[in-house]
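Here's a solo chain for you in structure tokens, the form predicted on its own.
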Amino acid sequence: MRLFQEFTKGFIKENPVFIMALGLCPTLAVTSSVQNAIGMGLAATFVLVCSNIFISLLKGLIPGKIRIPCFIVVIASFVTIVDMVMYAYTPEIHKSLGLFIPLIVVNCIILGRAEAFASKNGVIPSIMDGLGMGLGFTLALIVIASIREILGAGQWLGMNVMPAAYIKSPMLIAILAPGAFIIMGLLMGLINQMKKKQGA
């Protein structure tokens, strides 16, 4: 039961984007298309799970005073793997995401889970935590990107989903930076309102 809770908490209860407001820089930058959102989400999930595993295994060997630099070295190693694999096998997504792939190293979601969870728990709970938080992050990116892509281009994953008249003159602000802030803010407000109603 505890493992299931560790896995599911990242979807809504402790969603990195909508509840904890972490990783907002890549969230705002890459959600102009669903394809980019999926690429970034899966890359971050891989790094999160692998770094959680290694940090959980090595927690007894890492001195407390240098734990953060050690965590960053572990995270950077997996980010390098992701960067090279995406460059080799998905060059279009790699080019589209650009600098935001290397910046996964300093993504506060990954470093935060390493510090708050993996360094204090066993391997299996750390895997479930990393997987749940990573998929929660990916889900948040996909939701924001879907709204932005549909409103801003009339498409979803490159397929036309809006009438031809709308596609000719879409709501362009949705795929621009201000649109990202507005849509994310509205979604965060909606989720917080729903949580308040459930708590009442």
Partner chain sequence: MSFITQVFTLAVFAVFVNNFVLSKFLGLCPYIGVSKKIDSALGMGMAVIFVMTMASTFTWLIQEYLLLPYHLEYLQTIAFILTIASLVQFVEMVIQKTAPALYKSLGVFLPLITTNCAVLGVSILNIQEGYNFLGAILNGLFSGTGFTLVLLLMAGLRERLEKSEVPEAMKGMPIAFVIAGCMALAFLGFSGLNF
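Positions refer to the first chain, counted from 1. Every value quoted in this text rests on a predicted model; they were computed, and no experiment measured them.
Below, we refer to the form predicted in complex with the partner chain, which is not included among the displayed structures.
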| task | Using the partner position in the model of the complex, report whether residue 193 sits within 4.5 Å of the partner chain, counting heavy atoms only. | result | yes
| query | Is there a heavy atom of residue 121 no more than 4.5 Å from a heavy atom of the partner chain in the model of the complex? | reply | no
| Going by a heavy atom distance of 4.5 Å, is residue 84 a contact of the partner chain in the model of the complex? | yes
| Quick one: is residue 88 in contact with the partner chain in the model of the complex, heavy atoms, 4.5 Å cut-off? | no
| query | Does each of 4, 47 and 50 have at least one heavy atom within 4.5 Å of the partner chain in the model of the complex? | reply | no
| Just one of 38, 58, 29, 150 has a heavy atom within 4.5 angstroms of the partner chain in the model of the complex, so which one? | 29
| message | Under the 4.5 Å heavy atom criterion, name the residues of 170 to 192 that approach the partner chain in the model of the complex, in sequence order. | response | 173, 176, 177, 178, 180, 181, 182, 184, 185, 186, 188, 189, 192
